[in-house]
Ligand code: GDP
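Okay, so here's just one chain, in structure tokens, the form predicted on its own.
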Amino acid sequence: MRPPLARDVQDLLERGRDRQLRLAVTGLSRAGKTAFLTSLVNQLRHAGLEARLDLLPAAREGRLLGARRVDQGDLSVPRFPYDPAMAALTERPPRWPEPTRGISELRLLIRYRPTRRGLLGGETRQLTLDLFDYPGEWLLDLPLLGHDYASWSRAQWQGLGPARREHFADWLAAVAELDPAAPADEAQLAGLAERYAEGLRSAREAGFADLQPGRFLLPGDLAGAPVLQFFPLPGLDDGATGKPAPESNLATLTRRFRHYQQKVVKPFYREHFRRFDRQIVLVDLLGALGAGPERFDDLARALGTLMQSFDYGKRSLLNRLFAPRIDRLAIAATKADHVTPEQHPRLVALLEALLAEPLKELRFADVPVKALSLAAIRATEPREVTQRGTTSPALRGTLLSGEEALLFPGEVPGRLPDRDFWHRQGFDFPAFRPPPIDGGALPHIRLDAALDWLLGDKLT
């Protein structure tokens, strides 16, 4: 193991030679980050053997020799749990890996042969790939920096649509009894904050994505801290409340909100989200379709917020060394194995329609961006079913219950659904069990296309 200073110097040299790449992998709950990272590492480790990576030229041409895990750059960040994830997938029966609950990191050293060989032949090169796993829920806190407590409270109350209010019923009844001008009662505020957090968790389970504050969903080491004991108050009209007494409920909640902004949100972005070269955003588009129109629109807002969290732009040598910015982006609709193959182009078209405005901004900034559909770990097989002389596409897979299923899940719209669509169309996107794995390369759909877009140009 190299000492930290030597490791930092080596990292700087590798970045100067463009042989180090920092890839941020993010997505909201149930988007499949853990499965994606597990499969990515698995495919690269099995490159040149049984891995199916035909859409990655370095692999297709036999130049990709493989990868191994090495010590990561920041030893204070938890390592991504690749081994436990593979252990879950190879159990009998197999099960999906446990989702990560915070930041994690993993470093791979990739060996490959360049397209242009030296005079003596046999030349190999190395690419250091740093993988960063971040909870998308934490990224949704970025808009808090543009609010004071009163304006944030108003925004949260305005966003309480009918379907969302159902998950906050207990909190809504309790907070209505709170007097903002009364002296703060720590136990009362803690109880109300916990009820608000329960509402956020319930809304997330129901398919909502645009939920703040993000740390209430995944508190990490802040669990139980007063900084996570605030919530939006009703009736805070602009300028109507005046200056509250220092020990009042309103003043206490305002201080906690400011502390959350300055000590949680700002440092998180400053320390982590200004150092990536490339990014992939994973989207559970099928889950949002199955959950209905309010949740579908909610996902669009959340993704727009999430993509504001990163600096995008082309990299010069100085940027690469000292001020990294994201110079290539992939946006992937996950769980493509939950619909039949002929619908995959529709899935991509719907993703592009959902993110039309952020994509316009990225193209204006001249940032290369690619939308695709994939399944990091393929859990179904396409089949055809013939009934009364008509042949229809279907999927075969094993449900989480262990039952074998043959089904057609529903038709994916190729554009944003209108009101009539939600009334006439139904979906059935069940959860499938992972396929039996013997420890080799994991089955996937177009993970190699994502790899080609994100790092293929570095393997030439």
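All of these numbers come straight from a predicted model, not from anything done at the bench. Residue positions are given as counts along the sequence shown, with the first one as 1.
A second form of this protein, the form predicted in complex with ligand GDP, is not displayed here; the remarks below concern that form.
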Placed ligand check: ligand GDP in the predicted complex, overlay by site C-alphas, backbone/C-beta within 2.4 Å:
open
Are Ala35, Asp337 and Ile377 jointly within 4.5 Å of ligand GDP in the predicted complex, each by at least one heavy atom?
yes
Among 60-68, 388-396, 410-418, 27-35, mark the stretch whose residues have heavy atoms within 4.5 Å of ligand GDP in the predicted complex.
27-35
Hey, in the predicted complex, does Trp96 get a heavy atom within 4.5 angstroms of ligand GDP?
yes
